[in-house]
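Starting off, we have a lone chain in the form predicted on its own, written out as structure tokens.
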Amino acid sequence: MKRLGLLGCGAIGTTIARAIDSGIIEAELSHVYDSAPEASQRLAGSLRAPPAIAPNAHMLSSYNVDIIVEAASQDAVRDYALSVIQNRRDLVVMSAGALLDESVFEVLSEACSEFGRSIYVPSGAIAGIDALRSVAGEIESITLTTTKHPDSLRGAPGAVDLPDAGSAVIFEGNAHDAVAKFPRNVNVAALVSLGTVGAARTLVRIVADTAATTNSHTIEAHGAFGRILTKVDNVWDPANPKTSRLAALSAINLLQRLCSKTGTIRLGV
């Protein structure tokens, strides 16, 4: 049975931890860490098989673990991902926006090659990324439109002039700028661009809508292959409206495949 370490004990990390604790993921959660000690303690204390709490993030991958799951922030990826790979652990990254920094991507890519490890990025809160990857070489234009309630966007550097009523486009630009201005809100922009034409060519539009009851992501791609149009209306995570429940479920599905103890038929992998 694989042993997992968890970096980040917020909404997504908690959902993943409970999936391990209940046996949905066939693995052992051996260690956790969160920059807020009370979050680590609260999560560990709520589980039937409480994990140990690491004293710091760098120590997390020094224990006898197979995979580290990052569910913290882009900064956590920048600060700790390299040490995870150097400690010869695989890494699951939820905060994919950090990988749009070319220097970060290059360093981690070289480290994976040097140490023979892998970084996995779940499909997150969107659908159809497998089809988009398949036609990446033929994409002529691709647009991601994200619609969220203003309350889900507050606090982001780019969240200015949020509407008090109705809806408004509060950002329109490329994926690189979108992730920089909304680091905790549009990691899906990084997923789309990394899997297709790159951050500079991926257009992102962010809409704040006071009537929104879901986090909505619409992707439209055109090219020689034809047209791909996908839309997902995501239920908010009860613990954090900035996060879509699908994001955690996609990580659970990935970990189920990585931790499976027996052979199986794997679709789309």
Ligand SMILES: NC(=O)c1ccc[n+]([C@@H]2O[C@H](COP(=O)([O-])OP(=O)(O)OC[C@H]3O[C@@H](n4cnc5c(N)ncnc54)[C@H](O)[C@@H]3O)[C@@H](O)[C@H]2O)c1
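Only a predicted model underlies this, so the values are computations on that prediction, with no experimental measurement involved. Numbers follow the displayed sequence, beginning with 1.
From this point on, the text means the form predicted in complex with this ligand, which you will not see here.
**Q** Report the stretch among 23-31, 65-73, 222-230, 45-53 that approaches this ligand in the predicted bound form to within 4.5 Å, counting heavy atoms only.
**A** Answer to the contact question: 65-73.
**Q** Between the options Gly158, Gly128, Gly173, Pro183, which residue brings a heavy atom to within 4.5 Å of this ligand in the predicted bound form?
**A** Contact with this ligand in the predicted bound form is made by Pro183 alone.
**Q** Looking at Val92, Ile85, Leu191, Leu99, which has any heavy atom no more than 4.5 Å from this ligand in the predicted bound form?
**A** Checked against the cut-off, the match is Leu191.
**Q** Although this ligand is absent from this view, report whether Ser61 comes within 4.5 Å of it in the predicted bound form, heavy atoms only.
**A** Result no; Ser61 lies far from this ligand in the predicted bound form.
**Q** Within a 4.5 Å heavy atom cut-off, is Ala36 in contact with this ligand in the predicted bound form?
**A** Yes, contact at 4.5 Å.
**Q** Just checking whether Thr213 would be counted as a contact of this ligand in the predicted bound form - the rule being heavy atoms within 4.5 angstroms.
**A** Judged by the heavy-atom cut-off of 4.5 Å, Thr213 is well away from this ligand in the predicted bound form.
**Q** If we define contact as a non-hydrogen atom of the residue within 4.5 angstroms of the partner, is Ala11 a contact of this ligand in the predicted bound form?
**A** Flag for Ala11 set to yes.
**Q** In the predicted bound form, do Tyr80, Asn240 and Ala247 all reach within 4.5 Å of this ligand through at least one heavy atom apiece?
**A** Per the other structure, all of Tyr80, Asn240 and Ala247 touch this ligand.
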